[in-house]
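A single chain comes next, written as structure tokens; it is the form predicted on its own.
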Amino acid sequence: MRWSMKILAAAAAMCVGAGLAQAQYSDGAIKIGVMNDQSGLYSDLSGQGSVWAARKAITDFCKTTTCHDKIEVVFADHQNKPDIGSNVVRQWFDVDKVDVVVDVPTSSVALAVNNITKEKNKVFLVSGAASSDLTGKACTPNTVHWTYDTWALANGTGNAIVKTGGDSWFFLTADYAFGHALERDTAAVVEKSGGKVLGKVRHPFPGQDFSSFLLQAQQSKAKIIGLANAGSDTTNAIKQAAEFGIVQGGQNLAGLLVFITDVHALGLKTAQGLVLTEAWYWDTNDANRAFAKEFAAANRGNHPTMIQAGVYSAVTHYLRAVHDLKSDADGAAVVAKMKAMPTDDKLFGKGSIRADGRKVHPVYLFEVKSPAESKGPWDYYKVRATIPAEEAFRPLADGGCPLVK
């Protein structure tokens, strides 16, 4: 089956109103493309949940604003492959008149989409991908990196663990752009804090059997085995580490990117005590809880991840910028408007977007509860620290983004 046949479907969300009659939309509509993993190892943390979040953002925006008469959401499965993602996005931009691409977990795919978006002068709102290069050497005037990145993860989880005695590390790393960036950024934090990196091994993406890699980590005698991977790669590695008795042997695991869906898959008995960094959690305030309740009702009882919440937040701000400009035709102009406007939505609250395209907001260091501490389904985290917005992401001057003067 050709890649074009793998675009799953198109789903329209309509906002009808009398306003914006003079608006100059590129094709008479605002078209939002949600691209992510719809069927593989990242489908639970993004997938259809991100599509729902984009639609929900449109619905909520149009309750408070007179909307353009047509806002449409389409979605596709990139299968975690850059060539498929690139082909889908070119089709979207050239044929289907998509204005903005949203989500895109898997950093290798996101970096490819990043280049195409600049070439076509469209907009790219990254919620799923993590590589901090998207606001560093690969930054463009057309991309906003919304929810989290490898620098934030490294400085949240990595720094906290080193400070509490985890000063020798061995990395088990997914062998693609995301894993490499997360390993790099975490290793820098470990060494800056006085720790040592004793070794690393890179596993195929996606991976199934981690036994040989875990054996190398065990033999290193490192206090911390840093899992620079995500999704089912992380959960499978943790499960297999338990079978090897690694924690009982005195080593600890650091899940450098762990989502609530991963904790749910592992169960609290296995996941308890994990320290992790996230930008959003459903049970921190009433607005988040209300969003999670609606999300769960529409998504088989699952609760939203920070990626899915980030899609809602990013689409909301994009619509505000397009509404103010009364045009979606010039992607760089839309992103410039997004940067000029303070961000503010019910899930992430107030924030801003820097010159390098980094959306700035607080992030949180969580610890996974024990089964005895949990009060019910999806009650999984307790807050260990709140990292303020000004400290949560890499300093603007340090990223090497050519947009930063």
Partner chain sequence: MFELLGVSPQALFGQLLLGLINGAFYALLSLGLAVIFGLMNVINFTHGAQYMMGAFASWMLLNYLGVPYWGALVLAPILVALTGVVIERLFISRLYHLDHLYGLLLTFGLALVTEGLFRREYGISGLPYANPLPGGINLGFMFLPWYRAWVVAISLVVCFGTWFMIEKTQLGSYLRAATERPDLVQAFGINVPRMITLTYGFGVGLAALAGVLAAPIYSVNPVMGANLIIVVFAVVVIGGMGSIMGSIVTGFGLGVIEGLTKVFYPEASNTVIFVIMAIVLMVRPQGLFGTPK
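Residue numbers count along the first chain shown, from 1. If you're wondering where the values come from, they're calculated on a predicted model, not measured in any experiment.
Although not depicted, the form predicted together with its partner chain is the subject of the following passage.
Its partner chain is not shown here, and in the predicted complex it never comes within 4.5 Å of any heavy atom of Asp60. Its partner chain in the predicted complex comes within 4.5 Å of no heavy atom belonging to Thr343. Under a 4.5 angstroms non-hydrogen atom cutoff, its partner chain in the predicted complex lacks Asn114 among its neighbouring residues.
Heavy atoms of Gly199 never reach within 4.5 Å of its partner chain in the predicted complex, leaving it off the interface. The candidate spot formed by Pro204, Gln219 and His264 is fully in contact with its partner chain in the predicted complex: every one of the three has a heavy atom within 4.5 Å.
For its partner chain in the predicted complex, the listed stretch (122 to 130, 163 to 171, 315 to 323, 238 to 246) containing residues with heavy atoms inside 4.5 Å is 238 to 246. A heavy atom within 4.5 Å of its partner chain in the predicted complex is found for exactly one of Asp83, Asp175, Glu191, Asp96: Asp175. Scanning 289 to 323 for heavy atoms within 4.5 Å of its partner chain in the predicted complex gives just one residue, Arg300.
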